[in-house]
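The chain below stands alone and is given in structure tokens; this is the form predicted alone.
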Amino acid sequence: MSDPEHDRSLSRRSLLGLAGAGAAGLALGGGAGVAATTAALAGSTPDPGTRYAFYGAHQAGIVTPAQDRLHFAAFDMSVAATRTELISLLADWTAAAARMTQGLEVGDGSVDGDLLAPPDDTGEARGLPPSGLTITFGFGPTLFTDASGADRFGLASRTPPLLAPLPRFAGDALVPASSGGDLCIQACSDDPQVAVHAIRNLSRIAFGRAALRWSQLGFGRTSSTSTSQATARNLFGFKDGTANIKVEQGSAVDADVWVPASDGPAWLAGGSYLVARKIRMVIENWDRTRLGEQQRVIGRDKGEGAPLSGGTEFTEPDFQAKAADGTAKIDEAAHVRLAHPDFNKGVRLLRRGYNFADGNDQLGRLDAGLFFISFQRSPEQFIAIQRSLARDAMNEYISHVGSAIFAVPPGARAGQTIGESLFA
């Protein structure tokens, strides 16, 4: 017999999943964090009780096995905000994030506070497990020096030399209202309501000090960040992120993801750079394209995900392989070729992208695509690959409508604030 409480839970999750498709103290020690990760890797079905330590050498949500749902938000500091208010906001966000990632409500919770005051927590995630929630914070270029050149918070001298607005790329049709930001928060979870709850409460905490600039809901991860995860598919129907850096590849993570002390600045050591790109797919045109052309554009077969040069999904592409008529099996303009490290001086990224579907536009076309997120030691890694993709055959079917870059500080120890070393 059906369990009514279970059915209501499924209905709630299903409803919010459709909404996502149509809408845009607590210290776990290192051993506990490893245990949570091991539990998550043990099977393909996520454990809703999975908890990831908020405190640690690096922020969670980067090499953490990619969860299924995303709520990403960018904020601008209030025009009148002071340095003291910025520091206090980060402290309040840190305290709230440390609780929510462990399945606890913010502050005194949603029902136990003063009856004459708004509750500390909005309450929609009350009783829900954390479902692998991670919350990751980043600082945009305008936090250090705004568009007018003003040093609002006395941070200009602390700006990472590599942190600057991304250059314009082929295929850019950027919407300012969906780009940039002083601060960002990435909330990932296997339960959409848990991820939305996190951003909702952190936005509420920011009131009067920072305001939401733009946000994006994502469903269906398009990258695997662990060898235990099956490769997911994007909305073009192809497996995405087959060659992504995995958490188990420690040397690659150290070389390509984390900022070492030698790169500078000192406060960013152990952090990373986050690039976010909202990529709209021209779904209607793609859906009318013959299968052979789709595979030529990608450079892989649509079923197995194997390179067109042969083999299985994880077979290394052979870009010299020729067909019977003498043409290259993998087209020179194929996405897999132009994005490959062999054609980008060995550059690699750690990707954590998500599908999105934001309803329909005024012409009745589906407003959907890929919300691309990557983490890298240097923004130059992303820039190099994106410039290589200027000749990508896929550009006929996509346009980049949102763009942002953030410096992601290292993790914090219990009792510290995220980004504390920036203000030292």
Partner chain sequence: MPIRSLPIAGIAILTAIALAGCVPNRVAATSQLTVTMTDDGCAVSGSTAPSGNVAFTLTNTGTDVNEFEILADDKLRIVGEKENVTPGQTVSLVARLQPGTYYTGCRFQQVGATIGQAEFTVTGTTIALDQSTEQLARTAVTDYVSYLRSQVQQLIPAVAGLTTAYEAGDDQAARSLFAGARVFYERIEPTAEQFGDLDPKIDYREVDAVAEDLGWTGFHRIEKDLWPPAAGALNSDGTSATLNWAPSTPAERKTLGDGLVADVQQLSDLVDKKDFTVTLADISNGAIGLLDEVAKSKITGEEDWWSHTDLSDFQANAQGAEVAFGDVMPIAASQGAAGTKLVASIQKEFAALNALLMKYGSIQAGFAPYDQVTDAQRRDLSNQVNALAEPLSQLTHAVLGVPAS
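Residue numbers count along the first chain shown, from 1. Given the structure is predicted, the values throughout are model-derived calculations rather than measurements.
The protein also exists as the form predicted in complex with its partner chain; that form is not presented, and the subsequent description refers to it.
A.B. asks: Decide whether Arg209 counts as a contact residue for its partner chain in the predicted bound form under a heavy atom distance cut-off of 4.5 Å.
C.D. replies: Looking in the predicted bound form, residue contacts with its partner chain include Arg209, since a heavy atom lies within 4.5 Å.
A.B. asks: How about Ala324: is it within 4.5 Å of its partner chain in the predicted bound form, going by heavy atoms?
C.D. replies: Flag for Ala324 set to no.
A.B. asks: If we define contact as a non-hydrogen atom of the residue within 4.5 angstroms of the partner, is Gly107 a contact of its partner chain in the predicted bound form?
C.D. replies: Gly107: contacts its partner chain in the predicted bound form.
A.B. asks: Considering only heavy atoms, tell me if Gly346 and its partner chain come within 4.5 Å of each other in the predicted bound form.
C.D. replies: Contact with its partner chain, no.
A.B. asks: Since the chain is shown here on its own, which stretch among 198-206, 160-168, 326-334, 258-266 would lie within 4.5 Å of its partner chain in the predicted bound form, judged by heavy atoms?
C.D. replies: Heavy atoms within 4.5 Å of its partner chain in the predicted bound form occur in 198-206.
A.B. asks: For the three residues Glu85, Ser88 and Asp120, which mark the spot I'm curious about, does each lie within 4.5 Å of its partner chain in the predicted bound form through at least one heavy atom?
C.D. replies: Heavy-atom distance to its partner chain in the predicted bound form: all three under 4.5 Å.
A.B. asks: Name the single residue among Glu316, Asp342, Asp151, Asp114 that comes within 4.5 Å of its partner chain in the predicted bound form, judging by heavy atoms.
C.D. replies: Contact check passes for Asp114.
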